[in-house]
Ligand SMILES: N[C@@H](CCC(=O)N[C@@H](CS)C(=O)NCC(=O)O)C(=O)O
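Only one chain comes next, encoded as structure tokens, the form predicted alone.
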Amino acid sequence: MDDSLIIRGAPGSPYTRKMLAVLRYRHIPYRFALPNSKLTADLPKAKVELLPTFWFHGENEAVVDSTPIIRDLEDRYGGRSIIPDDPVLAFLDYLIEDYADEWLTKAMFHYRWWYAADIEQAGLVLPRWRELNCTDEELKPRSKFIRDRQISRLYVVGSNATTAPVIEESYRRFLRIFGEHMNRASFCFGERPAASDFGLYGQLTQLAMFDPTPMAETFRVAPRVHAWTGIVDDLSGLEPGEWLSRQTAIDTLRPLLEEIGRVYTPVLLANAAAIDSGAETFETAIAGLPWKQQTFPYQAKCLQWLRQGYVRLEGAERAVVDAALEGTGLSALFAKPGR
């Protein structure tokens, strides 16, 4: 195990589940530590305490943020890549992963801390995932602390009385679209998982597999998505198949790209404009319904990174991406000022 990395996280963290599934599929050795584990007690702290946190053997640094870590792992470990080798598909993969990490997580956080049954279950289970042997009496104040803290932070993802219908309808549309996609391919880009699959999977470990309200919706709308999530948990035995061809992938993913453009584009653009103007909140419309929330600086960075990835595309590849995004609502993210 001298060459293994250490990952600290918790089962209730969708990004922890995302990265554990990546490590299993890619056959990368690791040691997993829960938040209170002694294994990581003396290791360097991350600048921002997030789950999961990674420590690579022989390096005196803690790193967080799943998307760049996935690309770092590609450089460090060969074989079983989860980044399509076609630059056009790799860009679309990054776009879908970002949607999963930054939009679908709104549904995850909303459902967990909006409905009484979900709040109750999360309060009972999440603290036990940090310390399994705590007594019922010890659990009560910890449960209350977690519930109160997380409910008070619903504003971070934009969950409120105005946006709740937008979030929930978007999740139902995603379920229908992704369930239908599986008639054409087992994963987003073919018969092998990409980074976007693991991003979607991470959120679905909570939405489709744990929290009672969205799990019931998943069974009602697309039970296949529940089954898919259980399979992606451990793909260590999967023999990778082929990526879809460029045009087949673009055609197959069109409904999902349209959904991303419908819901994520307005939020990214309005959030960025609000931050540029110094506003603390912003309002926009999504699928004809109002959306309002506090500005989110990190998602302004997400937009910047998406645009940087777009600029790095070669001219011919960028033209293919432009054609793929035409009419989806996503083109606005990459339009030149004034257009």
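In this text, residue numbers run from 1 along the sequence as written. Note that the structure is a prediction, hence the values are computed from the model and not measured.
Same protein, other form: the form predicted in complex with this ligand, not shown, and the subject of what follows.
Visitor: Hey, of 268-276, 22-30, 38-46, 65-73, which bit sits against this ligand in the predicted bound form at 4.5 Å between non-hydrogen atoms?
Guide: Selected range: 65-73.
Visitor: Please determine whether each residue of 104, 155 and 301 possesses a non-hydrogen atom within 4.5 angstroms of this ligand in the predicted bound form.
Guide: Spot residues vs this ligand: no contact at all.
Visitor: Taking heavy atoms only, is residue 13 within 4.5 angstroms of this ligand in the predicted bound form?
Guide: Because a heavy atom of residue 13 falls inside 4.5 Å of this ligand in the predicted bound form, the answer is yes.
Visitor: Find out whether any non-hydrogen atom of residue 51 is located within 4.5 angstroms of this ligand in the predicted bound form, and reply yes or no.
Guide: Looking in the predicted bound form, residue contacts with this ligand include residue 51, since a heavy atom lies within 4.5 Å.
Visitor: Is there a heavy atom of residue 220 lying 4.5 Å or less from a heavy atom of this ligand in the predicted bound form?
Guide: Residue 220: no, not in contact with this ligand in the predicted bound form.
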